[in-house]
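Only one chain is included here, represented as structure tokens and corresponding to the form predicted alone.
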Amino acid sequence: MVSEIYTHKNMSPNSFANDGSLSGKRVVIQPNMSVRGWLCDAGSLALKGFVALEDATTVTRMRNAGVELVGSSRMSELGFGLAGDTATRILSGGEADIALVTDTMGEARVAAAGSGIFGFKPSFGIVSRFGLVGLVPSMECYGILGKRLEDMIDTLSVISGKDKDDPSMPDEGFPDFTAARKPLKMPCTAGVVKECFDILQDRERKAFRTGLARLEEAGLTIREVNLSDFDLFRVVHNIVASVEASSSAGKYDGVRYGHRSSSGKNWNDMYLNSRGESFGSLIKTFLYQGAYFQFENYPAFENACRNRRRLVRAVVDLLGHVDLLVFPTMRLGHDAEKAATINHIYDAFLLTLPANVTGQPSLHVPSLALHSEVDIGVQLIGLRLEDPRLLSIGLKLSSTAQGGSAA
């Protein structure tokens, strides 16, 4: 069943396990996450009519835990940005408790910030990507949205862990998400990156200071830190992601599945025309850019990879001096859903890119800028594989924001 907000509505969402840890929880996914027999077009004409042949690992694990899959939402093309995404509408309408979305640039956190809910990007490599139709393999992962952080923690406990079908995952060292519910040992120190703070407009600074004040009320100590290479996150993400996207999209040729052009005199014409017709202008521009760095300016790609490693080391070093880093989540005047050019989309996601570049966990916590004229959100970034601690801090902060007792 297709509707304005669903690409597929599950008419028989009964769970497989009635006594599982997620029994009764309703989850909506995106149509780039494989569910056997469901449309899996990733929001792109390049996969028009493609039906998944088997379940993604995350889907299998959720079903075994008792989840009710309510359907698949609409999404941006190949998960790049938030244009046309309806996951938050489904959550806001009370039709699901949890939404799984692709987080390539910060989509989960920016979507959450615009809807007043929690948004989390886990550490890269702890949730299997088997069955995910991806675009940027080294930066994308399953993001998770929800109104209750407890539901998100329970879901992460189920879907994370080693999967032999995903070779990008580490062999060991997976976090124990049950630790996220344990009382948080305070105090903690939160680092505010000066170079990020300096680029904010006056109204954005005011709103962010309000959020920081809420962190202090919760018992966190705020400390300014320096990250002189902050401006490299955008450049590194742009170059590396576009090259990976160009390579990943090479399989969409109209031969075995997806859109096939009706014009052309031979197979070569069909192949070229199909690719030319299969992608929207934003994705097509991104793929052209990646092809340029692959074939015409490969040294720039190599340099971006070196700078990425440099940024990872710099952030890890900062987190040796503070317990977490704090960034705003979104920017004023940059609507991620309406971004129509590469520059505009990077403007909209500028503040969420760091965690995708470094592979670290990042959590958007709602309602930390209460009584402010504007709210640009607050996101927390922790060390890779320390997701439970970051979520534990999130529970503490959300409790404080709601005027409740410490979690």
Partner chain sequence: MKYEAVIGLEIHVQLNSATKLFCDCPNRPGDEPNRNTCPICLWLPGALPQLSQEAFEKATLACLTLNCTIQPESAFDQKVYYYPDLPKGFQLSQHHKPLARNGWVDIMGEDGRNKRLRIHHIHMEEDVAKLVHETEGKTPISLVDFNRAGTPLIEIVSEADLRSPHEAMEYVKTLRSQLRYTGSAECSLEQGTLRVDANISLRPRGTDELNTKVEVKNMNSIRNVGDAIAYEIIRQTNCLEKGEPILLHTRLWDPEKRVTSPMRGKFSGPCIPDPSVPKIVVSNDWLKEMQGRLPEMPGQKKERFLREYGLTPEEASNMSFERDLSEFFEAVVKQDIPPRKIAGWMTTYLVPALRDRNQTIRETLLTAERFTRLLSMLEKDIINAHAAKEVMLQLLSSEETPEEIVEKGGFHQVSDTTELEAFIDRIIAEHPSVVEDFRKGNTKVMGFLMGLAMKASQGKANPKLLKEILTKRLNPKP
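Positions refer to the first chain, counted from 1. All of these numbers come straight from a predicted model, not from anything done at the bench.
Unshown form predicted together with its partner chain; subsequent notes refer to it.
Novice: Assess the spot marked by A112, R205 and L332: is its partner chain within 4.5 Å of a heavy atom from every one of these residues in the model of the complex?
Specialist: Negative, none of the three is within 4.5 Å.
Novice: Identify, from the list Q201, T189, S138, S92, the residue with a heavy atom within 4.5 Å of its partner chain in the model of the complex.
Specialist: Exactly one listed residue reaches within 4.5 Å, namely S138.
Novice: Looking at K251, K185, H321, R313, which is the one with a non-hydrogen atom within 4.5 Å of its partner chain in the model of the complex?
Specialist: After the contact test, the surviving option is K251.
Novice: Partner absent here, but in the model of the complex, which of 63 to 71, 347 to 355, 49 to 57, 22 to 30 has residues with a heavy atom within 4.5 Å of its partner chain?
Specialist: Of the options, only 49 to 57 has residues within 4.5 Å of the partner.
Novice: Any chance D166 has a heavy atom within 4.5 Å of its partner chain in the model of the complex?
Specialist: D166 belongs to the contact set for its partner chain.
Novice: Although its partner chain is absent from this view, report whether F301 comes within 4.5 Å of it in the model of the complex, heavy atoms only.
Specialist: It does: once its partner chain is placed as it appears in the model of the complex, F301 has a heavy atom within 4.5 Å of it.
Novice: Is there any non-hydrogen atom of S247 lying within 4.5 Å of its partner chain in the model of the complex?
Specialist: Heavy-atom contact with its partner chain at 4.5 Å: present for S247.
Novice: Is there a heavy atom of R129 lying 4.5 Å or less from a heavy atom of its partner chain in the model of the complex?
Specialist: Judged by the heavy-atom cut-off of 4.5 Å, R129 is in contact with its partner chain in the model of the complex.
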